[in-house]
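Below, in C-alpha cells: the form predicted alone, a single chain.
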C-alpha cells in the first residue's frame, strides 16, 4: 500500500468487496489486476455481478488478462490502453444503476482518472474503493498549458504538450487525479537543474 506524507494525496484503502452491492464495476490497470484477483478471489460469489475493465499498461508481458478471464466475471473488457478503458468506463457509468460499487486498482494516475470519471457521473469519491499497485510514477498537469504528462518518474520533467521544463510539486489534485507541474526556470530562463529520478 502506498504510504505518503503528502496531505493532498488520497489514501488508498485497498480493494474490499462490498458484499451488499448489487453490481460491481471494477477498473484495473497493470499490476492492479493482482489486487482484483486477491479481493474477488475471496468473494467468488460476487463475480456473477461484476463488470471488469482491464488495460495491461506496464505489465503487458505478464498476461494478467488471462488470469482475470479465468475468474469468469459476468463481463470482462480487455482494453488496449488506459484512455480507451476510461472511455468504456464512462459509457457504462452512463447507465449504471443504484447499488453499483466502483473499484479502481493500478498506478496512481490511473486511479485518479477512474475516480474523476466516477465523480463526473455523480459517484461520491469516498465511496470508490481503490488500491495502488505498480509504479510510483506520477501523472502531472502543467499549470501553464493544462496538458497532462503521464508516467513521470523524474523532476524536473519536460511538459509533453508545451515543452516547458516543470518542477513536479507534491500537490495532488483529486479533481484532476494529477500532481501539479510549474515552470522551473520562470525567473531565469534556461537555468534548469538535471532531472532526478524520484518516483520510480
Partner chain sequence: MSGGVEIGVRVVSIEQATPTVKRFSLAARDRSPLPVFSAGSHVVVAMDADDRRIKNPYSLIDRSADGSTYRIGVLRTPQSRGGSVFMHDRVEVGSELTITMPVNLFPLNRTGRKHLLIAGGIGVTPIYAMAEELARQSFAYEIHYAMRDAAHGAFADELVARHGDKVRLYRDDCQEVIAVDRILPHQPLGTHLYVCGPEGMIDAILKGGRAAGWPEENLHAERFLAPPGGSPFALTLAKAGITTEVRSDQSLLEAIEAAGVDAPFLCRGGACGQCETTVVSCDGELVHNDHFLSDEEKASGTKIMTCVSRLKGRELVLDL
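Residue numbers count along the first chain shown, from 1. This is a predicted model, so every value here is computed, not measured.
The same protein also has a form predicted together with its partner chain, omitted here; what follows describes it.
Peer 1: Report yes if any heavy atom of residue 16 sits within 4.5 Å of a heavy atom of its partner chain in the model of the complex; otherwise report no.
Peer 2: Looking in the model of the complex, residue contacts with its partner chain do not include residue 16, since no heavy atom lies within 4.5 Å.
Peer 1: Decide whether residue 127 counts as a contact residue for its partner chain in the model of the complex under a heavy atom distance cut-off of 4.5 Å.
Peer 2: Contact check for residue 127: yes, within 4.5 Å of its partner chain in the model of the complex.
Peer 1: Is there a non-hydrogen atom of residue 72 within 4.5 angstroms of a non-hydrogen atom of its partner chain in the model of the complex?
Peer 2: Because no heavy atom of residue 72 falls inside 4.5 Å of its partner chain in the model of the complex, the answer is no.
Peer 1: In the model of the complex, is there a heavy atom of its partner chain that lies within 4.5 Å of any heavy atom of residue 120, even though the partner is absent here?
Peer 2: Residue 120: contacts its partner chain in the model of the complex.
Peer 1: Quick one: of 78, 96, 86, 116, which gets a non-hydrogen atom within 4.5 angstroms of its partner chain in the model of the complex?
Peer 2: That would be 96.
Peer 1: Select from 17-50 the residues with a non-hydrogen atom within 4.5 Å of its partner chain in the model of the complex and write them out in sequence order.
Peer 2: Residues within 4.5 Å: 20, 21, 22.
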